[in-house]
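Only one chain is given next, in structure tokens, and it is the form predicted on its own.
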């Protein structure tokens, strides 16, 4: 951190938060609120004279409340910048009548209570999101007695106790009597891998953090008795299995099973754990002097605000969703925004450093040329037809379209932000948006060509380029046999499939039509397939009112790896096609043509 602070090309803004972020790749505009430190950074030498006279004593957050700090303080050793800061919410005030002792003690006159918060604005080309993570708060897990028993601590609190710079200078003590415990028990997966309370996912770091802590304790206190209660030890990283064996070799006992309850002996403050040992199928009781809860990690509370600013997508676990888990693991779906560390999911230091290096490299790849190259599949607005209704701006997953409804100016597309999904064109009520290389005329020409001969014998499929079209290709190279009368119309996204394309297909005599795309939550265009689903449901509703069988229009989510699923879906569509009679097709054509004539009339 010190090296970063001294680097001429790096600006560190501490005590700051992002208030607004607008723009697109290559031209992001950031508005930042930098809170007042009330200490002049460049003049403060961190001598500590002000800290000695400050009368306010509060729990130290860095040491997990195991020690105290003053209202004027340094957040942690080696903090950058090295200047102290005033916690203005805890400070008694700078009036000499009330306090002002720190001002009097500071010989360099570094403390300035007239400082105000500042608003800073920057223009940047790319953004790396590294929002980190929070440790799970085990308070809700009352069976472990975290709020009732002082000798039950979290793994984060143990980290501060065993650290040489911690509140006890590296001495691990019981909080009830200040003595070194003769026995310590670790409970794994606290707040992780639970469907009822806590988080359902594995937090990745807990097992090896516990293994490391057991080795440290054994090195400090060779005679200490250590037990680890676990579901399974996930030592999957490089050298992790060797570390696990080293821990067991030092005498650490690993017991498969998690305690159901913890009770305290009121006389000795020892803790009594009741656990079902799944290896022996017996209910065991263990007495220990200290319990360490290996808490999991979870997304920080402010992730939602960043998500809304940057139009990011999150997984079911609450972390940010990458553009592609294999091909673009550090990219977001929005171009020019990258992820590092636990913003994208729980990971250890090595993985975080690796991902940070990758994110920096991806950002430099965009910035070094000085110009941006975009695919020629972006949207264009026809100003003559646009009514400034704002539908396109509302459905765009990338906020790439701006509309001023007050002045009735035509919508504008920012090409650098447009990914070419086509959702805007499919939803535009005036057909005022043209998708380059996937225009309405081009798609309609494909529909007409497919259904020109023997329309009743064809299965017309609208396939998403990234998933269902790739799934069809995978089925082919895997030599999976699906109906040979399948005809695909490729679109960049299922969101491009306009309702009029479906009606045109039925009007041309198509017995069945299938709209296919990425699974919900896995769309390559953030949430474009949500609009596909709504659109198809509207068509189903209309078909029902016209007396047409809704099963003739299919909607399926097929990933690029699901060749077998594509085969199964097409076989099912073929069975539906065979059930459609020539009379039913003719009646469908008659109904749709009649509606078209009424609209034209």
Partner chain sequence: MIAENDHNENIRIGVYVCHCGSNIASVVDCVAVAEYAGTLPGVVISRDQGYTCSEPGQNQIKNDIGEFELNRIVVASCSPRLHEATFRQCVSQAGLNSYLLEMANIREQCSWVHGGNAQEATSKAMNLVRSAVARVSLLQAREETEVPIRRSTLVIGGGVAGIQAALDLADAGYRVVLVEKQPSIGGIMARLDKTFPTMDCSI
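Quick caveat, the model's predicted, so the values are computed rather than measured. Numbering follows the first chain given and starts at 1.
The form predicted together with the partner chain exists for this protein as well; it is not shown, and the discussion that follows is about that form.
Is every one of 175, 180 and 559 in contact with the partner chain in the predicted bound form, taking contact as a heavy atom within 4.5 Å?
Verified in the predicted bound form; spot residues all out of contact, no.
Taking the partner chain as it sits in the predicted bound form, is residue 256 near enough to touch it, meaning that at least one heavy atom pair lies within 4.5 angstroms?
Judged by the heavy-atom cut-off of 4.5 Å, residue 256 is well away from the partner chain in the predicted bound form.
Please check if residue 233 has a heavy atom lying within 4.5 Å of any heavy atom of the partner chain in the predicted bound form.
Because no heavy atom of residue 233 falls inside 4.5 Å of the partner chain in the predicted bound form, the answer is no.
Contact between residue 281 and the partner chain in the predicted bound form at 4.5 Å, heavy atoms?
So residue 281 does not count as contacting the partner chain.
Taking heavy atoms and a 4.5 Å cut-off, does residue 370 contact the partner chain in the predicted bound form?
Contact with the partner chain, yes.
Just one of 499, 99, 162, 305 has a heavy atom within 4.5 Å of the partner chain in the predicted bound form. Which one?
Among 499, 99, 162, 305, a heavy atom within 4.5 Å of the partner chain in the predicted bound form occurs only for 162.
Looking at 261, 484, 268, 139, which is the one with a non-hydrogen atom within 4.5 Å of the partner chain in the predicted bound form?
That would be 484.
Thinking of the partner chain in the predicted bound form, which stretch from 389-397, 140-148, 239-247, 100-108 has heavy atoms inside 4.5 Å of it?
Of the stretches listed, the one contacting the partner is 239-247.
At a 4.5 angstroms cut-off on non-hydrogen atoms, which residues of 345-382 are near the partner chain in the predicted bound form? List them in order.
Residues within 4.5 Å: 348, 349, 352, 353, 356, 357, 360, 363, 364, 366, 367, 368, 370, 371, 372, 373, 374, 375, 376, 377, 378, 380, 381, 382.
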